[in-house]
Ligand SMILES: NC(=O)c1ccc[n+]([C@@H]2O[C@H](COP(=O)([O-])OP(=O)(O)OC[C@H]3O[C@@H](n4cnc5c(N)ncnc54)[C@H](OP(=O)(O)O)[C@@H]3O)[C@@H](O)[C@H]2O)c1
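Single chain ahead, written as structure tokens, the form predicted alone.
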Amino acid sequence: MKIGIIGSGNVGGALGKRWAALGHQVLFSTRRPDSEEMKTLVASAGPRARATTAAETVAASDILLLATPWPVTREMVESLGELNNKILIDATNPLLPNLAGLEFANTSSGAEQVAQWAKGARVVKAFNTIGDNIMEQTTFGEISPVLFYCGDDKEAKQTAHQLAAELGFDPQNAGPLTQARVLEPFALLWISLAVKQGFGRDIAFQLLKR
């Protein structure tokens, strides 16, 4: 697959490097493709990755991963223009400053806002409920950490499922895009446990069935 990364920070960098190592072609979107920071990221991702502009990333990619800080998300998404039915995986969380809570709760979600801003895209919420360090190394012995996703487009969700499974997650379909209203608070639980409650960042959730 050709995967474009919109937002090449910790989450975008971690996922982009993993997918490139698995054989996907990865484009890291940036305003400064020739910056030392981007050169370092691309070098660490290997020969299947490169840095380019947002316009080229959108044009050349089949799938886009959105991993921007929430305050710049709307501006970034709207700057992408018409997305022509592309799959957009939304890994953002609408966090308030100092992790005080979420900008949207109960009646809407960040993902639903992204779907309004992303013209023509098929949006799936995924990769927002776990830290980038777990994305880099998903192994917990023989246990696979759960990775919930939600969306309204069947094919887009199947693609997100496949990409998560390739990384070693246990992908679980949580339902329509409105389920982001519970997945985003679930992300806040992980963040609060990892950062504020002393659990540390090397934690993940598991879904048990019987």
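Since the model is a prediction, treat every value here as computed from it, not as a measurement. For the two forms, the rigid core is made up of the largest set of C-alpha atoms that agree within 1.5 Å on superposition. Numbers for residues come from their place in the sequence shown, where the first is 1.
The following text describes the form predicted together with the ligand, which does not appear among the structures shown.
For the chain shown alone, Met135 is a contact residue for the ligand in the predicted complex, at least one non-hydrogen atom being within 4.5 angstroms. Under a 4.5 angstroms non-hydrogen atom cutoff, the ligand in the predicted complex lacks Leu188 among its neighbouring residues. Proximity of Met38 to the ligand in the predicted complex: non-hydrogen atoms within 4.5 Å are present.
Residue contact check for Gln25: none of its heavy atoms lie within 4.5 Å of the ligand in the predicted complex. With the partner omitted here, the residue from Val77, Leu88, Ala111, Ile130 that has a non-hydrogen atom within 4.5 angstroms of the ligand in the predicted complex is Ile130. Residues with any non-hydrogen atom within 4.5 angstroms of the ligand in the predicted complex fall in just one of 61-69, 139-147, 165-173, 152-160: 61-69. Taken together, the three residues Asn10, Arg31 and Arg201 all lie with some non-hydrogen atom within 4.5 angstroms of the ligand in the predicted complex. Contacts of stretch 80-99 with the ligand in the predicted complex, defined by any heavy atom lying within 4.5 Å, are made by Ala91, Thr92, Asn93, Leu95, listed in sequence order. Annotation for Asp34: C-alpha shift of 2 angstroms or more between the shown form and the other one, rigid core superposed.
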